[in-house]
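Shown below, as structure tokens, is a lone chain in the form predicted on its own; questions about how it binds or moves come after it.
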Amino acid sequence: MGSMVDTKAVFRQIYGDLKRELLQDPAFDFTPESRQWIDTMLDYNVPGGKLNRGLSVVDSFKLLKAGRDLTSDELFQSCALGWCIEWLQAYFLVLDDIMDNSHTRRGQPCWFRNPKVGLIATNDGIILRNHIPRILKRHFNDKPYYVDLLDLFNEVEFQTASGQLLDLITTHEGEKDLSKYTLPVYRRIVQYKTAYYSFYLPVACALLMSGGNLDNFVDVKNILVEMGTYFQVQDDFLDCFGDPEFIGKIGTDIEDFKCSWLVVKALERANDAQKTLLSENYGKTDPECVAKVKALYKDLSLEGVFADYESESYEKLIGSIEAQPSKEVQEVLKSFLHKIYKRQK
């Protein structure tokens, strides 16, 4: 099954197959209007991202098969599970954008910002969520790991929604209070809100497909959640110090009063005067204020702090990965780490 290029092409093609099945789902008697709505809604929200999470299922499954070629059924099924993760992501993003009152997502207006959509988007989110068990039922119903898949998606959805709650009440509650932004608070939000569904879920899907029992891979879960945390720290760093031309988006964490790794580290390192400067300027849209926060980050040498964190994390993760008994599992974990280590975007 050759290179990445054709994997991505096959993956995209399977989106079309899954969409077609969902639009013909016998459990609902579609009208032409409702079928057209869902068709448009899916194309707008599901396939538009980088597809990293979905493709990770396929790549991980290939590595677990230790170089043996996938059968066309295995390729289809690993792609289908990958798309279930992309559907899950679409569901979260559609609803998150409403909650955050966001304007754009992936370079286009948020779905709910479209004049014909508005708050119908909340129901679209619910439909996206419900497409996942439809896909699983159609393609995995007869598999010995079917229940485990359902259980896994339910578990990860719960963790993500709970992480989102934590983020909302920490970041958006009442007056802006930076004293709540500590490293344990930050780590907990990131682990639950992002790391489980972005890092653990794709590998867990691949492990189940290859006959594994997830109870035997608790340490793998912990390593992946740690990797997800490292990834988010990197993301926070790039939001401020990355080149917008290169990373493809302009960071707004400072303006948005985000519980970013950078502000957490700044608060740890700042003296009283610097803390005052932070609380006066953080979370303001005025470019002057943003510039002052960035200047403070430089004064506190946060670029160096990040570089140290990055190499320390990397060493620690490599150590934990190499302690894994299965060579195939090691390869999966290393492929994730090498994709994200020292990335620029």
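The first residue of the sequence shown is number 1, and the count goes up from there. Note that the coordinates shown come from a computational prediction; the quantities given were computed from them, not determined experimentally. The term rigid core refers to the most C-alpha atoms you can superpose between the two forms while keeping them within 1.5 Å.
This next part talks about the form predicted in complex with a small molecule, which is not shown.
- Only one of Arg105, Lys275, Arg129, Arg134 lies close to the small molecule in the model of the complex, with a heavy atom inside 4.5 Å, and it is Arg105.
- Interface residue among Ile120, Met99, Ile169, Leu183, judged by heavy atoms within 4.5 Å of the small molecule in the model of the complex: Met99.
- Here the chain stands by itself, but in the model of the complex one stretch of 217-225, 230-238, 141-149, 70-78, 230-238, has heavy atoms within 4.5 Å of the small molecule.
- Contact check for Phe61, Leu64 and Gln330: none of the three has a heavy atom within 4.5 Å of the small molecule in the model of the complex.
- In the model of the complex, the small molecule sits beyond 4.5 Å of every heavy atom of Lys265.
- At a distance threshold of 4.5 angstroms between non-hydrogen atoms, Phe92 is in contact with the small molecule in the model of the complex.
- Contact check for Tyr197: a non-hydrogen atom falls within 4.5 Å of the small molecule in the model of the complex.
- Proximity of Lys176 to the small molecule in the model of the complex falls outside the 4.5 Å heavy atom cutoff.
- Comparing the forms between the shown form and the other one, the C-alpha position of Glu157 differs by less than 2 angstroms, with the core used for superposition.
- The Cα position of Asp253 differs by 2 Å or more between the shown form and the other one after fitting on the rigid core.
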